[in-house]
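First, one chain by itself in structure tokens, the form predicted alone.
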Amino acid sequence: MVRTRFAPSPTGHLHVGGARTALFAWVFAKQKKGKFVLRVEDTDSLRSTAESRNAILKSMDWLGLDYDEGPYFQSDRLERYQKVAEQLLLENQAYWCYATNQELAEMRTKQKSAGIKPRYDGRWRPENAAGKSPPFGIKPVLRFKNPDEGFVTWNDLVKGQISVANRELDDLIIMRADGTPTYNFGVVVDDWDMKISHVIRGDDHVNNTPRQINIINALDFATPEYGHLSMILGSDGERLSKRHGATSVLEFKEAGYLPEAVMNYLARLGWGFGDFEKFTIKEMKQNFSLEKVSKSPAKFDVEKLNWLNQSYIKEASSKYLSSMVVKKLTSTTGDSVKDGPDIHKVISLLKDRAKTINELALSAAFFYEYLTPSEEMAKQYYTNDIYPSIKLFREKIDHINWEKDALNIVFKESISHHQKKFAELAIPLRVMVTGVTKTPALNSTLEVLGRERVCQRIDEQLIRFRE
């Protein structure tokens, strides 16, 4: 059975790169009718936080990346790592190293000066440390005894065949002095215990893979298949970072993006589905292939994400969007949403123009909290020559069926009677009832606002004409 995993470290929020990795691992498992496992690698006690762990779980939930098993926490498995480490020690596949940080620093400095690639020199390997007594007061680390000869070769599911000479690798630390496992050791044990068949992760881990395969071979474990995803760059070709805008999943949520739009966009970062820009998760499950994942870095384009998000908003039902919009509105207008127009009608009127939920909520605000026109607006638009047309319009709307076609007829009658142009009446009316100069179609806006609000707002502003 295919079993994939996503294994974030809770040292920060879930970012774009990690979210794409999780998505590809998730969809690969779903496509193969396998299992997707969530594992939290939290053995770095100094940097791991509960806040980051919770943020990762919230991000996964928001994106809809449901996991079949987990979350497992490495911090709950320390005894297991120690047991496997003891096995390697007994089989002469690992050894205690007493080199101090100062010694290691001096060693690296000398190697650099000699033009040699910095690497541990094996000074505490059993064959090199014969007769040496462990120094007093030094807590040793446990190092893996890496093979000296040969190559580590694997067929990467994304990058193709990769081969690394063992002489390029040194004896890495597998257990720290405090008894916790290092990354390369912990994941080997975890992937074996959790029966992971495919490891899909970022290509920043390519250098770790030969080290892990050597540990796997020493333990006589089965080697999973590996697929390393290319990095994600900003639109300027530099590594994606904060300066390119929002990078964490929860930031996209707060900025008003829909999870399905973010998922769709993440899928397009390095994977192609023909000429399609927009597709469903079901379509992705049917068509996804690691062989079609690009070996080249993907570029994150905020404008394309905005276009995609706008497309999803436009096609979404008002019912689906309403809870998100109400939440945003409530934070700015309070409980006035409850007393205002039907939120579904407001959303239906506005959603075609909005790129994000935040924009949609902002444009809906005047339906629930009246933006009193400024003095500058009143001076510019409340002119004596337009007063008769507005007054006539106000009188007529008391006696009509409150729907957009009837409102449109009254509007045309009001400008025709006083020989005015459309904009001459439309803009002052918009200012009077909304406090802004640009809205969707005026008759539709007035219909949604309702007779009582429209009449009350016009009456209040007509008083300003006479002041």
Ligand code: GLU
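Everything numeric here is computed off the predicted structure, so don't read it as measured data. Numbers for residues come from their place in the sequence shown, where the first is 1.
Not pictured, yet referred to below: the form predicted in complex with the ligand.
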item: In the predicted complex, the one of Leu350, Ile196, Val187, Leu329 near the ligand [non-hydrogen atom within 4.5 angstroms]; value: Val187
item: Sole residue of His205, Lys278, Lys253, Arg108 within 4.5 Å of the ligand in the predicted complex, by heavy atom; value: His205
item: Contact flag, Tyr183 vs the ligand in the predicted complex, heavy atom cut 4.5 Å; value: yes
item: Contact of Ser9 with the ligand in the predicted complex (heavy atom, 4.5 Å); value: yes
item: The ligand contact at Arg201 in the predicted complex, heavy atom, 4.5 Å; value: yes
item: 4.5 Å heavy atom contact, Glu41 and the ligand in the predicted complex; value: yes
